[in-house]
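Take a look at this single chain in structure tokens; it is the form predicted on its own.
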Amino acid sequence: MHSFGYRANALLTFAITILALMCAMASLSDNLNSPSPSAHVQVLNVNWFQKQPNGNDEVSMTMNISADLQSLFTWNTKQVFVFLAAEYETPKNSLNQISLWDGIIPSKEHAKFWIHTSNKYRFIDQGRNLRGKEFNLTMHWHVMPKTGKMFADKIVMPGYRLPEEYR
């Protein structure tokens, strides 16, 4: 006959092993999902494009942001963090990345959206590099699961250009 402590230890060890196995299977099953998100950004207006007193360029834009990120949601998705960034090159840096807008999507029902907004964060370049500059708008997302590892991806939307002159 085994003692109560021995039986409780065996039961607890078995239960934790099964729980760990279920978490691993859940995390692996999430890899079978192949999401196909879509996004589109339309720059409606450059509200202002100015040179700051310290010599830096600053831009304010009005945009329509639309996205369908519903395919990112599975039974294991807790929330999705999404942000829109302007990306461009300068002689000094091969990649400049400026966050213009961000949001947290708590559920699949909120994952298809259309927003009319100005940039939430300041679009400033350290220097005078933005006049006539071509840039990409890139929608990045980070999927935060209930269990398992986080994953991130992006959609790059090229073909945007800033004005040649300050306004």
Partner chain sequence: MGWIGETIDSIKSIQIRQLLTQAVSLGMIVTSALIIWKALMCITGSESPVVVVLSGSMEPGFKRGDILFLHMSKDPIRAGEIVVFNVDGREIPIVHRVIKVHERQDGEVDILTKGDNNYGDDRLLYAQGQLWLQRHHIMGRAVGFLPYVGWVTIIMTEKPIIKYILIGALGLLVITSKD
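Residue numbers count along the first chain shown, from 1. Computed from a predicted structure; not experimentally measured.
In what follows, reference is made to the form predicted in complex with the partner chain, a form of this protein that is not presented.
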task: Pick the stretch from 123-131, 29-37, 43-51, 64-72 whose residues have a heavy atom within 4.5 Å of the partner chain in the model of the complex.
output: 123-131
- prompt: Is residue 99 a contact residue for the partner chain in the model of the complex, using a 4.5 Å heavy atom cut-off?
  reply: yes
message: Is residue 144 part of the interface with the partner chain in the model of the complex - any heavy atom within 4.5 Å?
response: yes
query: Is the gap between residue 150 and the partner chain in the model of the complex 4.5 Å or less for some heavy atom pair?
result: yes
- request: With heavy atoms only and a cut-off of 4.5 Å, decide whether residue 104 touches the partner chain in the model of the complex.
  value: yes
- prompt: Using a 4.5 Å cut-off on heavy atoms, what residues in 27-44 are near the partner chain in the model of the complex?
  reply: none
